[in-house]
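Presented as structure tokens, the chain that follows is alone, the form predicted alone.
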């Protein structure tokens, strides 16, 4: 008598199909939460949308007129310039500090390393707006903590208007942002260091390589994949910085800290409420972030291969 096959509910599915089916709820949620607003904002960027149009519920199609207007606006070009300066400075400083601190933690004893990790995570737990408000009090011209330190230590007897001087305002916004986001880069760098085998360093030491040579020829090349991740993520978020600008300078003094996200906000949610132009500027910002992410990936992964 032939042995019967076990009963199966349908054909056996491949892992790829199973994975897609299991992710359907997530895809639906993302479509509702992210995809619809993104496509609706794209729709608004090609239409004239202001308070009058919102009141009537009719949005006249204007094609690329919103994009032409923002590109002809000197303030938009200045906001892009300030965004590039802010991003370049903050991301560069963040990566250098993250690698240096991660190397320092990696050399500590176990108990001190745990304490250090806890202290490093504290800034990451502070809400962005609260972080900006804390630093705005520290920067205060009259009763700021930084000016008090300079006066007490005798370094300077004149108060510095950190966030009110156009020459220092953008850096004054960058430092709180770096302080808040640095823990994320440190944790990624530290995790990557833990994955590097000690055999590489022992072999290099036998060959007479010093600490700097080991870092340059072993540590840094093996950290490049995680550096790509940090570059892409931190560049994306730095280009969209908003909370620190809102809490500390609100774009001032003058237009010294007008960044791209602040320009989009002021266009769309401040008089005269030009929502179409605000949506267009937000899409230009998103395209720049996407191009930078692709460029980062191709440049660094090409060097790895």
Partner chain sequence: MIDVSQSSPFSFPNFISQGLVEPLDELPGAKEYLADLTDSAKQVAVYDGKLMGLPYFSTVWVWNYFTDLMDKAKFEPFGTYDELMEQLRKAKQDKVAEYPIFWVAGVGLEQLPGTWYQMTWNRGGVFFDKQGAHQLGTGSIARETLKWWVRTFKEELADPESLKAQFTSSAKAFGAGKNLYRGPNHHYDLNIANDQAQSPNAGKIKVHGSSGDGRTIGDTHVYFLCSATRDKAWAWKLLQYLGGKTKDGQYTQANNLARDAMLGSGYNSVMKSTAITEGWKPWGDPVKILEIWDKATYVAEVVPSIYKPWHFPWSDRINIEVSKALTGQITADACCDNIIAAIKEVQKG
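Remember, predicted model here, so these are calculated numbers, not experimental data. Numbering follows the first chain given and starts at 1.
There is also a form predicted together with its partner chain; it is not shown, and the following applies to it.
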Test of understanding: in the predicted bound form, would residue 51 fall inside 4.5 Å of its partner chain by heavy atoms?
yes
Give a yes/no on whether residue 273 approaches its partner chain to within 4.5 Å in the predicted bound form, heavy atoms considered.
yes
| task | Using a 4.5 Å heavy atom cut-off, state whether residue 216 contacts its partner chain in the predicted bound form. | result | no
Although its partner chain is absent from this view, report whether residue 168 comes within 4.5 Å of it in the predicted bound form, heavy atoms only.
no
Next on the checklist: Please tell me whether the candidate spot formed by 75, 248 and 266 is one where all three residues come within 4.5 Å of its partner chain in the predicted bound form (heavy atoms).
Outcome noted: yes
Checked 245 to 262 against its partner chain in the predicted bound form; residues with a heavy atom within 4.5 Å, sequence order, are 248, 253, 254, 255, 258
